[in-house]
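A lone chain, given as structure tokens: the form predicted on its own.
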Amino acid sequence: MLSRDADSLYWLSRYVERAENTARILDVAYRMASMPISYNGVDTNEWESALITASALQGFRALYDEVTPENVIDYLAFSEANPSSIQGCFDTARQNARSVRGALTSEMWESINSAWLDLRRFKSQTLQVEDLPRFLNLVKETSLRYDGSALRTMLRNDAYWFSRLGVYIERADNTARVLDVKYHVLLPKDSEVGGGIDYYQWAAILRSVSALVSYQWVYHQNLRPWLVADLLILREEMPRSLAACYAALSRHLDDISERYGTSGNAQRMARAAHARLTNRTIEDIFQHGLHEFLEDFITENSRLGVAITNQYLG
């Protein structure tokens, strides 16, 4: 496979996954802003936390004077000044899909192209905050259709493996950022850990990653921050967990190395990161600092993305 085709497949999947992740971040903000009045006696900065989670606060500040729901939705969903907005992600994903049209199945192409057309009918000026869930559901459903089409219809070859690398690099980054922002930014300073607002926020985050029912199946008890972190970091049976992402990254990088007969830095980094996750406990992570662990993970995940690019896509 040509490196430019592998690059297009990799970034196509990354941008579809990024659009879904941004939709999930906005969904968290919307749910928390809609909290019952009895929990809303303090400022929880839900919309600003959405910008921080998406690493978009600096770019937002350059364009807007005030953090309002309307401004945040415009920037994260539609703004042409934000290349990682939902609309920007689908524009770039479609461009990449067109460049590798022959490597995609018809179902994959249709999921991208039809979503691109549907999303262009939405405009920030006409989208009311109360209509946001309908827009976000469309984005999430599109990502599910694309992902399901890839899993069901692609040959298990290098095109499939490069596509999956993009999914899991992006997904791991988002899961780590969501957890980090919740633990250090979102909870108000005058609200106790384990209190009513804390419980509601953790529940909203689990719903946003489709993990609330999974949490109940695994732990059979009320929400506990350390158990939520355990589920989203260390439990490989949870598809969005860091451990599950790195199990998949390690496996697909090994598939690529077997196909091409060479192994390099990307394989070593992925195996080492997966081994570290496999050998950690949530007690150990909290003892040494959840924030520090997640910061280090985000940095290492970015380095793996660079290693994949240098090894195969450059």
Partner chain sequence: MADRSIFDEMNGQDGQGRAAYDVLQDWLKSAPTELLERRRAEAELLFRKVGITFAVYGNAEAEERLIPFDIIPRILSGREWSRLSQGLEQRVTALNMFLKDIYGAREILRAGIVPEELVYQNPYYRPQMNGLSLRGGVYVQVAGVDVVRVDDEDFYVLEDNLRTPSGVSYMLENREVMLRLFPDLMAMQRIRPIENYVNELLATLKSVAPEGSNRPTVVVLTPGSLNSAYYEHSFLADRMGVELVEGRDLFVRDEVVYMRTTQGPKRVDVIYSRIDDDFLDPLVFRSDSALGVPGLIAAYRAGNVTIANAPGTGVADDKAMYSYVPDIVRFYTGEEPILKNVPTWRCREPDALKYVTDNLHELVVKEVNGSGGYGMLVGPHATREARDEFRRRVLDRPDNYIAQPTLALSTSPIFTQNGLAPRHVDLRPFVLSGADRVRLVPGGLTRVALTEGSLVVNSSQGGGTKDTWVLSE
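Numbering follows the first chain given and starts at 1. In this text, all values refer to a predicted model and were calculated from it rather than measured experimentally.
Below, we refer to the form predicted in complex with the partner chain, which is not included among the displayed structures.
- Interface residue among Trp109, Phe122, Tyr160, Tyr200 relative to the partner chain in the predicted bound form, by the heavy atom within 4.5 Å criterion: Trp109.
- Heavy atoms within 4.5 Å of the partner chain in the predicted bound form belong, among the stretches 79 to 87, 93 to 101, 207 to 215, 164 to 172, to residues of 93 to 101.
- The candidate spot formed by Ala6, Leu117 and Tyr312 is fully in contact with the partner chain in the predicted bound form: every one of the three has a heavy atom within 4.5 Å.
- Taking the partner from elsewhere, Phe286 is found to have every heavy atom lying beyond 4.5 Å of the partner chain in the predicted bound form.
- With a 4.5 Å cutoff on heavy atoms, Asn113 counts as touching the partner chain in the predicted bound form.
- Although the partner is absent here, Met1 is a contact residue: one of its heavy atoms lies within 4.5 angstroms of the partner chain in the predicted bound form.
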